[in-house]
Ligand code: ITT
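Here you get one chain, nothing else, as structure tokens; it is the form predicted on its own.
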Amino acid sequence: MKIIFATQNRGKVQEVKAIFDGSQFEIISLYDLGNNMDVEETGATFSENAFLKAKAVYDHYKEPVLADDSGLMIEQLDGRPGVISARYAGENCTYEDNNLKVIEELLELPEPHKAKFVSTAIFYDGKNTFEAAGELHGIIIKEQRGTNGFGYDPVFIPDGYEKTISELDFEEKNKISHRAKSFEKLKEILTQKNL
């Protein structure tokens, strides 16, 4: 079955294609289709935002869709940046802008800065909606380290590790990431449903 992955983010595309590799599902991203459709994320939760993306892409192509929404939640910041993780430092901000804003907000607060990455993955085909969630717990550090990740990866050290996610290789990251967990669960659901 061909499924469109509602993202332009090449890092996400690589991660999710690796998860579904060898399954009966062929993942084709908006990036592969040359479509830079941008869905406004107006939901109050990761789940709502993921569904908004899935439905918009389904309405456009009338093909089954995968979508996700994910973000960083920091304990000492009352769960911020949360659903606005991608634009935490303002519209059109860079990953670097977001990381610097988080570091600055944590400067006066005692360490460790406990945090978690959260991902909600959704499958939608016009009649069925399936959803799965994944989390990765760790701490935020006050310097950016590593070049292998994107988003908040350079400032996030997962529990049980000494390296940031950006310092891990792709295979290692894909084993433990919040996104990998949510999409692995979703793949299991889709395989069992035998659509």
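One rule holds for the numbers: they count along the sequence shown, beginning at 1. Bear in mind the structure is a predicted one, so any value in this text is a computation, not a measurement.
The same protein also exists as the form predicted together with this ligand; that form is not shown, yet it is the one meant from here on.
Colleague: Is the gap between residue 86 and this ligand in the predicted complex 4.5 Å or less for some heavy atom pair?
Modeller: Output for residue 86 is yes: heavy atoms within 4.5 Å of this ligand.
Colleague: Is it the case that residue 41, even though its partner is missing from this view, gets within 4.5 Å of this ligand in the predicted complex, heavy atoms only?
Modeller: Answer yes; at least one heavy atom of residue 41 falls within 4.5 Å of this ligand in the predicted complex.
Colleague: Does this ligand come within 4.5 Å of any heavy atom of residue 158 in the predicted complex?
Modeller: Although this ligand is absent here, residue 158 would stay clear of it in the predicted complex, with no heavy atoms inside 4.5 Å.
Colleague: Does residue 170 reach this ligand in the predicted complex, with heavy atoms at most 4.5 Å apart?
Modeller: No.
Colleague: Scan 151 to 181 and write down, in order along the chain, each residue with a heavy atom lying within 4.5 Å of this ligand in the predicted complex.
Modeller: The stretch touches the partner through 151, 152, 153, 173, 178, 179.
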